[in-house]
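Following this are structure 1 and structure 2, which are two forms of one protein chain, each written alone as C-alpha cells.
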Structure 1
C-alpha cells in the first residue's frame, strides 16, 4: 500500500485547525485583557502621583497639557504638567470634572459633531479633526482664534467660538450655529481638553507638523 502524504490527510488538517483556533482564541483573550488595561481611565490619585495613563482621569482638566516628541516611540505624546486654571479654577473634583466631561460627550453626540469632524478616529473629514484641538496653537495666547474672539484664555476662546461660530469666519466650510449654550460649551471644551491628553500613539499623524503644536503653550 502506497504511503499517504500528510498533506492529503484529513486528520492532519483537522488537528492543525484545532490548534490554530485554540492558539488564536487564547491570543485574542490575552489581547482583550491587555487592551482593557491600556484604555481604562485613570483617576485623580494617578495624576497627583505622576502616574501616566493612556487615558488620564477627568481631573486632567486641572493640569497643563503639552505635546512632546518621544524619541523612543518616534512620535509626539501628550505630557501632563503643572496645575493650570481652567475657566478660572484648577481644583475641580473628580465628580465635577467627570460631570463636565459627561456633559461635553453628550453635547458632541447631540450636536452630531462627527457628521463633520473626527474624534479619536471616528467621524468625518469635512471639518478639522478635533482629537488634539485643545493643543492647536491657534487657540493659544499668540494664536489667531484667541485674538479673534477677544478672550483672555484658550478655554474661553473655544467656548465663545462654539456658541457663536458664524461671528468668527475661519474657513470656507463654515461651522453652523448649533444653539450651543454656555454650559454646553464649557462641557465641550472640557471634553476636548481631556481628549487631547489621551495617548493616541501619535494620531492624528500630521498634527505634530503644525507649527507650534509640539512644545506649544
Structure 2
C-alpha cells in the first residue's frame, strides 16, 4: 500500500473533483454579482444625464435610437440621441414607460415570440432576429411597411402588423395571427424599441449596413 501512487487513488480524484467544482462555482457566483450590477436596468435620470447603461431604462422609448460603429470598441453600439415621438408622445414618465415595457415583455412570452424568432439571438430560427428589429430599414421611411400598413410612423406600422400579421405578408412564410390586441401591440413595440437600445457587444454585426441603421440615416 505504501508505494501506491496518488494518481491511481480514487479518493484523490474525488477530492480534486470537489475542489475544481467548488472553485468554478465560486468564480461563477462572483462574476454573476458583477454582471448583474452591469445589466441592471437604468432609469430616467441616467438617460437625462447621459449615463450609458448596457440596458437603459424604459423611458428610452422617448428617444431616437441608432446603431453606430464605435472605433474604440471595434464594433457597433446603440446610441441614444435626441427626443423622438413614440405614438405621438415623447414625454412618457418612468411609470408609463415601465408599464408599457412590462406589458410588452409579458406579451412576448404569452405569444411565444421566441418559438419562431430569436431575441438577442436566442430562440427559434423560423423568422428574423428581433434584437434590432426596431431599426430594421423595412420599417423606416424608405421601407415598404409604412405604406403597406397605411401608417405614417414606424411604431404605428409595427403595431398594425403585429395585430394582423397575416394581412401583410411579404413572404410565403407568414407570421400567424396571435390574437394581439391594440394595447398589447403598443407594449410589444415598446419592448422591441427598448431591446434595440441594449448594448449587445456588436451583435448582430453590420446590422442594416445595406441602408439605414448604421449611421443613423
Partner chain sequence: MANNHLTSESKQLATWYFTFAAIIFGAQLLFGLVAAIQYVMPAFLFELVDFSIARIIHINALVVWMVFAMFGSVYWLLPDETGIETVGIKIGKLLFWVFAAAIVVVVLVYLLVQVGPADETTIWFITEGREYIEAPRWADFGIVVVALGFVGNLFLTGMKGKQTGIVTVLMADMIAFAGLYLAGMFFTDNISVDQYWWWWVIHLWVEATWEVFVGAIAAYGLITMIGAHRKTVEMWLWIEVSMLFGSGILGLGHHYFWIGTPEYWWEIGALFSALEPLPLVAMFIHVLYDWGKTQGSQDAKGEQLSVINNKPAFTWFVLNAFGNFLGAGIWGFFHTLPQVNLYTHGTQFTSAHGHLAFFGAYATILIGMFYLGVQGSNGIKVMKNTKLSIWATSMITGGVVGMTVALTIAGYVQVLVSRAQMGATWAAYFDGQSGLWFVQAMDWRLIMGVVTFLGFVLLATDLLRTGKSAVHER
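Residue numbers count along the first chain shown, from 1. Quick caveat: nothing in here was measured; it's all calculated off a predicted structure. Rigid core: the largest C-alpha set superposing within 1.5 Å between the two forms.
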Two forms of the same chain appear here; which of them is the form predicted alone? 1
Please state whether residue 14 has a C-alpha shift of 2 Å or more between the two structures, with the rigid core used for the fit. yes
